[in-house]
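We begin with a single chain expressed as structure tokens, specifically the form predicted alone.
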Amino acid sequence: MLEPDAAFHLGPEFDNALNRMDFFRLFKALASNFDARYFALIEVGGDETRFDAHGGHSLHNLPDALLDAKGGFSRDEPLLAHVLVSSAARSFDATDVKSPLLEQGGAQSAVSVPLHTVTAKRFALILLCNRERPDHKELALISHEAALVFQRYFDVILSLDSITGLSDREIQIVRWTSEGKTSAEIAIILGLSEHTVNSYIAAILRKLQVVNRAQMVASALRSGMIN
């Protein structure tokens, strides 16, 4: 078990984290420290029927096979549904809960950690573990580690996103544009009309004070809004 005085977050990787890729590595390292092959930091909010793994603030290393057609999960998924009704971390055993994520991820156990920002946004950190269910002591340590990394993620990334004035939906659209998706393709992915996507893009261009999509993506990359 990872001891607190040996925690990776005390090292330079934590202090030097400046963009989403840095935090992706930190959360992946956290997961590895607890024998978790996969992790997912998912924002809780917005759509009332599903969780979006590709939202502007989400980070994960889940394979596409574990996501639905729109790149997310049903809110019936027990590992994520837990954070809607509790503020305490919980561990799950694959033999005790019917979870598509656990089953399809080939994990023996999982941990669900509710996380919150000072601006009242809610997140969930999910770990799919290749080991027996963590006990209460380990669960407390996981929660502590997750809270520390998440607080720095907020300080460095999430708070700056608020300064840009972009909404979560606008950040999603910037991210999909950076991956080469057209307005029509983004509309299908997000369940919007193409006209609505174009309206969002026009608003983003104004907010970032740029004139085209290439400059929009470049600005977002420079600010660390996307990686």
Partner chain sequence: MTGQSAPTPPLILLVDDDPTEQLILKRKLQSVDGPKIDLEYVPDIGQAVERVSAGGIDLIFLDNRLIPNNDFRETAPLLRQAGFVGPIGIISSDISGAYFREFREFGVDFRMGKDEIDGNAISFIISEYTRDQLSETCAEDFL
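Between two forms, the rigid core is the largest collection of C-alphas that superpose within 1.5 Å. As the structure is a computational prediction, the values presented were derived from the model and not from experiment. Positions refer to the first chain, counted from 1.
There is another form of the same protein, the form predicted in complex with the partner chain; it is not shown, and what comes next is about it.
Colleague: Is every one of L30, D35 and L221 in contact with the partner chain in the predicted complex, taking contact as a heavy atom within 4.5 Å?
Modeller: The answer is no; none of L30, D35 and L221 reaches the partner chain.
Colleague: Please pick, from I171, V44, L67, I201, the one residue with any non-hydrogen atom lying within 4.5 angstroms of the partner chain in the predicted complex.
Modeller: None of the other options qualify; the answer is I201.
Colleague: Is R213 close enough to the partner chain in the predicted complex to count, meaning some heavy atom within 4.5 Å?
Modeller: R213: contacts the partner chain in the predicted complex.
Colleague: Is Q209 close enough to touch the partner chain in the predicted complex, meaning at least one heavy atom pair within 4.5 Å?
Modeller: It does not: once the partner chain is placed as it appears in the predicted complex, Q209 has no heavy atom within 4.5 Å of it.
Colleague: Do L59 and the partner chain share at least one heavy atom pair within 4.5 Å in the predicted complex?
Modeller: Output for L59 is yes: heavy atoms within 4.5 Å of the partner chain.
Colleague: Spell out, yes or no, whether the shortest heavy atom distance between R50 and the partner chain in the predicted complex is within 4.5 Å.
Modeller: Close contact is absent here: in the predicted complex, R50 is far from the partner chain, nothing within 4.5 Å, heavy atoms only.
Colleague: Only counting heavy atoms and a 4.5 Å limit, does any residue of 65-83 reach the partner chain in the predicted complex, and if so which ones?
Modeller: The stretch does not touch the partner at all.
Colleague: Once the core is aligned, does L192 move its Cα by at least 2 Å between this form and the one not shown?
Modeller: Superposed on the core, L192 moves its C-alpha 2 Å or more between this form and the one not shown.
Colleague: Aligning on the rigid core, do we see the C-alpha of L30 shift 2 angstroms or more between this form and the one not shown?
Modeller: No, the C-alpha position differs by under 2 Å between this form and the one not shown.
Colleague: Quick one: core overlaid, is L18 moving 2 Å or more at the Cα between this form and the one not shown?
Modeller: Moves: no, less than 2 Å.
Colleague: Hey, the CA atoms of N19 and A203 end up closer or farther in the predicted complex than in the shown form, with the change being 3 Å or more?
Modeller: Closer together, which means the C-alphas of N19 and A203 are at least 3 Å nearer in the predicted complex.
Colleague: Closer or farther apart in the predicted complex, the C-alpha atoms of L102 and L190, for a change of 3 Å or more?
Modeller: Between the C-alphas of L190 and L102, the gap widens in the predicted complex (3 Å or more compared with this form).
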